[in-house]
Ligand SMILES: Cc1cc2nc3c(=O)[nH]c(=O)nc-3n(C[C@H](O)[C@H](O)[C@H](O)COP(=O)(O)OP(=O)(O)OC[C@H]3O[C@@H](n4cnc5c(N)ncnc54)[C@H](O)[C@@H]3O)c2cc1C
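First, one chain by itself: the form predicted on its own, in structure tokens.
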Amino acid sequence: MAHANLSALCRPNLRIAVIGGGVVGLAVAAQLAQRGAQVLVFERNSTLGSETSARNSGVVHAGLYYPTGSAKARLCVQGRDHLAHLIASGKVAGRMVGKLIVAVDDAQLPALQALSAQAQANGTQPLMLLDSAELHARAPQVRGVAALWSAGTGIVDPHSLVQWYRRVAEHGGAELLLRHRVVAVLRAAHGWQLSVEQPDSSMTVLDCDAVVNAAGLLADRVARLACSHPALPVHHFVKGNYFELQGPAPADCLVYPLPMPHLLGLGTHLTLDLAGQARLGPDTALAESDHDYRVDPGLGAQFLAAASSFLCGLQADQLRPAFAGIRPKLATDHAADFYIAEESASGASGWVNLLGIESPGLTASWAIGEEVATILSIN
């Protein structure tokens, strides 16, 4: 993708700037461009979708876990349906492999029943409760007394999804600029004035009618360029490490334990990529920075212990460090919802913040784009 000269793109009909070229920012850009808006996307990195968008499990979530009526529950279910359609039509690389959520002993059965009820309230379909015999028949190497089977869960290649959003956005006329960093903003008479650092370190100024802050890990900092109200959330960086599992995958589907208390994480689970490579992860730990991607090989014993609670026959020499990702959480002591809001109440009308867009953000991305279009009345 060529680096355009930003000053040449400052035309009178440019309306909306999207800060961030990850999967959510591109989904927003695609939605707005499809509706006829003039869209310019600023991405500070040299490639699209290279941070949180690329460093995750690639799971197409079905919307089981989140409180009914929350933005996460609603947007996850909506986004999953669209993503499943893209996979079925061959537009995006993925496969609906299904997921088992396992109760490892009788004491976990009430929690499994509660999760099933929560998922049904969220509109998650199809779902099936399996007893121990049915679980063993479905996945002989999975250890448990019962499981919830979600056939509507899948896996997607995040890069393929990023590129599909890029094509849709560019087809609608959106301009995507790499290595362009928004460093300052001013409220203008009819919108916003952005100061942008270009790849050669020169600065230029752009006027636009509205701004969508989809800056991922650093979105809370970008928000404070325009907004000063004290209730604006702050990101807490939470790191998730992954280990590859050498040899044949122990199951042909995803396998999860019951989620952690307060949904701070979904627990170390078994995932697959489209080549059939099995991985364990992620764990949950506070990150030292927004680019703390080193995987400590010494964590292998911890991963082995966690996965052995629901998988049979794992050996320590099967685990290899893979990669790590960082999630922008809005809280570390409770489950926080997505923060998606136009900041008009604090005098920042036309500025939309997307904060705390962690899992299921990839699955919900298209629906988040629709939400932003509605907020900005771009029909």
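Keep in mind it's a predicted model, so treat the numbers as computed, not measured. Quick note: we count residues from 1 along the sequence shown, nothing fancier.
Keep in mind that the form predicted in complex with this ligand is missing from the display, and what follows is about it.
Novice: Counting any heavy atom within 4.5 Å as contact, can you tell me which stretch out of 218-226, 201-209, 294-302, 136-144 lines this ligand in the predicted complex?
Specialist: Within 4.5 Å of the partner lies stretch 218-226.
Novice: Quick check on E343: any heavy atom within 4.5 Å of this ligand in the predicted complex?
Specialist: The answer is no: E343 has no heavy atom within 4.5 Å of this ligand.
Novice: Look up in the predicted complex whether W149 has a non-hydrogen atom within 4.5 angstroms of this ligand, and give yes or no.
Specialist: Residue-level check for W149: no, no contact with this ligand.
Novice: Please run the contact check for G369 against this ligand in the predicted complex: heavy atoms, 4.5 angstroms, yes or no?
Specialist: No, G369 sits far enough from this ligand in the predicted complex that none of its heavy atoms falls within 4.5 Å.
Novice: With the cut-off set at 4.5 Å between non-hydrogen atoms, does G58 touch this ligand in the predicted complex?
Specialist: Result yes; G58 sits at the interface with this ligand in the predicted complex.
Novice: Can you pick out, from I326, L319, L40, L311, the residue that has a heavy atom within 4.5 Å of this ligand in the predicted complex?
Specialist: Contact residue from the list: I326.
Novice: Just give me the residues of 353-378, first to last, that have a heavy atom within 4.5 Å of this ligand in the predicted complex.
Specialist: Stretch hits, in order: I357, E358, S359, P360, G361, L362, T363.
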